[in-house]
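A single chain comes next, written as structure tokens; it is the form predicted alone.
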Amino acid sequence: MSLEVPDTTETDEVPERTPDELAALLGDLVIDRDDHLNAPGFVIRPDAVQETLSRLKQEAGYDHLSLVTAQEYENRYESIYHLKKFDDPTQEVSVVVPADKDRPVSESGEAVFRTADWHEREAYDLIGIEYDDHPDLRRILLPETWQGHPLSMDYDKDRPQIATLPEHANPLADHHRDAESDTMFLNIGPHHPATHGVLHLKTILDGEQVIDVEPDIGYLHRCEEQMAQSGTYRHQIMPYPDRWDYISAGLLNEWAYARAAEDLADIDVPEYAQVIRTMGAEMCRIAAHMLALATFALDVNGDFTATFMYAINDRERVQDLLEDLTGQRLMFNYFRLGGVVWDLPEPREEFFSKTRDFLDQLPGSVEEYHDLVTANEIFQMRTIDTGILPPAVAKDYGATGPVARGSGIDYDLRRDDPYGYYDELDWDVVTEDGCDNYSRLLVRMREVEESAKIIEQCVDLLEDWPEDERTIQANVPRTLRPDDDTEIYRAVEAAKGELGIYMRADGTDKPARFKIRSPCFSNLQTLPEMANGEYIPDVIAALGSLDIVLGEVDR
């Protein structure tokens, strides 16, 4: 059944409250204060999670649960709920929930924010905190038979792991039939072209209609957070972000880490480097959206020869530019804390000319895509009014990026929480009100044009930039050691949505906790809302419209 969530913040703007006013609103729910670098933090009892989140959502307007993370200390466990407002994401607040070391149990926030479902399951899976009243508390990334919790302090990595026979039992053993309906269990994936070999959809049909679908993830889980916690801020973490959304969003991923680490260590990035970052990031956005268009047409129309290859051709031209800029085609490793690793390629005029040639032909390509795809009657029949995601439901699941903007949610961190050089440039946030599979594609196609506008303005700036002012990096200490117990959450607008990084410093040169807020992880949660009541082909279309990359979902 679709979740009906009242959306009071769409029309009733709630004024910003000071930390003291928020403390007064929460009253005796607050037992301590624990301010983070970019948000006031309130420590509450583990049995007061729902009441706290409800007051902040309904009375203070914090309608976006952007992050849920957890960690273990020597004397306690701790969950953190980081809230924002869709109308103004610069208004942030953190809810800190300590749990007993011997019995780490905390109240679930799922009843207030549906997106907490998967996030709390991940915290249980990797760290070991149990969430009371959670509707489905079980592992999400690892098999149910896994022994221990990989991010807990007492985890034994040498302990043998055993998959029991029931794990391999026939899923049709009970046939999922009852006396009143003719239901059937159907596996879609992981070995299915539309699920890319690393996603399993557990689907239940009633006749030809989908009555339930459950995404089964974790096939590509690599414990990227643990790997980042083992690396130094200055040098060893930056190569990892390219591997999250490994398809084409490398610089966007790198920027998410760079923004968080630079704010944590109080590093200012030179203006020239910010322009280069902005240009490279938008090139990655175009490459990502071209691939989304190509694979979506392949999933829906089976159109390989025309649309898929056309879009891949344009994507390859962007990849050529990124290769000239960074030296790599996928795993760029081009950003550095404080700037970028090197300046634009020489001769600069050749790089600018090649970039302008691509931008000049792009409008014609986009027009061809509209002729091939959006004007195609078969494509329209498959996508218009299918995969419906109402804006209130999208917000409750924490959906962001083109998925949210395709439901009419005017939310883009490039504009609403400015970073880089975006606030100095002329461009528009794209939204569509259809709330369906068609609208999500239109958003991506229109965003390609906006990205082209941004790139062109960056090229104009870089061409005229005085040679003696082309500073590509700030003077960053060789070793960074942020103050002990300093915490921060920062995010950027990646191709798929809000990509955020939470870090807690412990005074050493490595983070004590590193959490990746993946937009694909939150967006994928919406699939049952979009697919239930539809037909199997509509499930495939809905999944394609989400444009997920499992490397970022699983991390």
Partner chain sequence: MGTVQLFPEFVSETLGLSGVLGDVVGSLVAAAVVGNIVLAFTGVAGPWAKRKITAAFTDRIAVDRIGPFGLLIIPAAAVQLLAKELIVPEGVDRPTWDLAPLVLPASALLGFSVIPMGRLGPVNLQIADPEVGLALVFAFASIASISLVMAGYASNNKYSMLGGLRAVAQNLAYEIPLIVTAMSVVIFAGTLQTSGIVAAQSDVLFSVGGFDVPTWYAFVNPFAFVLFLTANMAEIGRNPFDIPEAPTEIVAGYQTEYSSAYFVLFYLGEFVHIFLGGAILAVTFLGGASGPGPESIGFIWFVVKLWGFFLFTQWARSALPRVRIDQLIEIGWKGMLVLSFANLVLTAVIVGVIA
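Positions refer to the first chain, counted from 1. Bear in mind that the values here come from a model prediction, so they are computed numbers and not experimental data.
The discussion below concerns the form predicted in complex with its partner chain, not included here.
Interface residue remark: residue 536 is counted as part of the site for its partner chain in the model of the complex, having a heavy atom within 4.5 Å.
Proximity of residue 391 to its partner chain in the model of the complex: non-hydrogen atoms within 4.5 Å are absent; the residue sits far from the partner. Of the heavy atoms in residue 105, none are within 4.5 Å of its partner chain in the model of the complex. Although the partner is absent here, residue 364 is not a contact residue: none of its heavy atoms lies within 4.5 angstroms of its partner chain in the model of the complex. Annotated contacts: 322, 520 and 526 are all free of its partner chain in the model of the complex [non-hydrogen atom within 4.5 angstroms].
The stretch in contact with its partner chain in the model of the complex, judged by heavy atoms within 4.5 Å, is 382 to 390, chosen from 422 to 430, 382 to 390, 81 to 89, 265 to 273. For the options 93, 137, 435, 194, the residue carrying a heavy atom within 4.5 angstroms of its partner chain in the model of the complex is 194. Residue in contact with its partner chain in the model of the complex (any heavy atom within 4.5 Å), chosen from 306, 359, 153, 211: 306. Residues of 415 to 429 are not found to place any heavy atom within 4.5 Å of its partner chain in the model of the complex.
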